[in-house]
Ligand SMILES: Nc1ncnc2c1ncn2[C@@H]1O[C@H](COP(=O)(O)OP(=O)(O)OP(=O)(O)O)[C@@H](O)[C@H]1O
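A lone chain, given as structure tokens: the form predicted alone.
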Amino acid sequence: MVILEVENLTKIYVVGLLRKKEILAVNNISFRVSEKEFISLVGESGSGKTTTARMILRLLKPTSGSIRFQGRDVWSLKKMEDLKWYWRQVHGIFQDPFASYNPLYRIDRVLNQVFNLIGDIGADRESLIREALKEVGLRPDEVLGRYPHELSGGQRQRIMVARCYLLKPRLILADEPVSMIDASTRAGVLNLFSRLRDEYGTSVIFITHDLGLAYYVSDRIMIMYRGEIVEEGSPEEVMENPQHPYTRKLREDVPLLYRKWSGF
């Protein structure tokens, strides 16, 4: 079942004061996401990946095009109850985790705010929070009661993943979610996304510049270049038989160790 439909999505930035200039960040892209699907959106910085995610999350208004989630037009939602419904179902994890925090809130309060969207859960909130923190490899007693600036970037990112685990959303947009996490815990975070997919039917749009990583975690890969989706297919199709010159360039940048393990 398709849960997200993006049709002819375009974003144009207008910059400058006296001599205005238009910058085409996303150019007329269309794609669909099915239930329990793990899609990687791959491209270098400036390709339009994050802009696409921010438009889906209602953080950035499109210039044109439409975004429909479970059949409802995302940008036509106006009532607070409808917006809460959407924020409960669709959640984002960003590359810079510190930007997601109120620096005056302790971690306890950051995580407890999730329950304002979930509502009455009929369970002990603290127990659920502790369980979520353990799921992402954190010791609750070491992070609860502390402020964001007292934690490392990796710890802050894992807390954002734990918050996502509490919500059990239908769709996660993860923008470079493991770039600030130690290599030893990256696999655990990615496995947590897989568990959310398998147990709760969560779909994931995984934004990355790492084609090798996308190959291992994805059901489908979309290559984004200069605001356009230039290639799309299964990991095997994209990696073993790339059609677009930019995809071939990304493939050449995949570490040799990945290639030896995968046989391409």
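From 1 onward, residues are counted along the sequence shown. Computed from a predicted structure; not experimentally measured.
One more form of this protein exists, namely the form predicted in complex with the ligand; it is left out here, but the text below deals with it.
Is there a heavy atom of Gln70 lying 4.5 Å or less from a heavy atom of the ligand in the model of the complex?
-> No - in the model of the complex, heavy atoms of Gln70 and the ligand never come within 4.5 Å of each other.
Give a yes or no for Gly46: in the model of the complex, does one of its heavy atoms lie within 4.5 Å of a heavy atom belonging to the ligand?
-> Flag for Gly46 set to yes.
Does the 4.5 Å heavy atom contact test between Gln95 and the ligand in the model of the complex come out positive?
-> Heavy-atom contact with the ligand at 4.5 Å: present for Gln95.
Residue contact check: Thr50 to the ligand in the model of the complex, 4.5 Å heavy atom = Although the ligand is absent here, Thr50 would touch it in the model of the complex, with heavy atoms inside 4.5 Å.
Could you tell me which of 212-220, 229-237, 194-202, 23-31 sits within 4.5 Å of the ligand in the model of the complex, going by non-hydrogen atoms?
-> Looking at the partner contacts, the answer comes out as 23-31.
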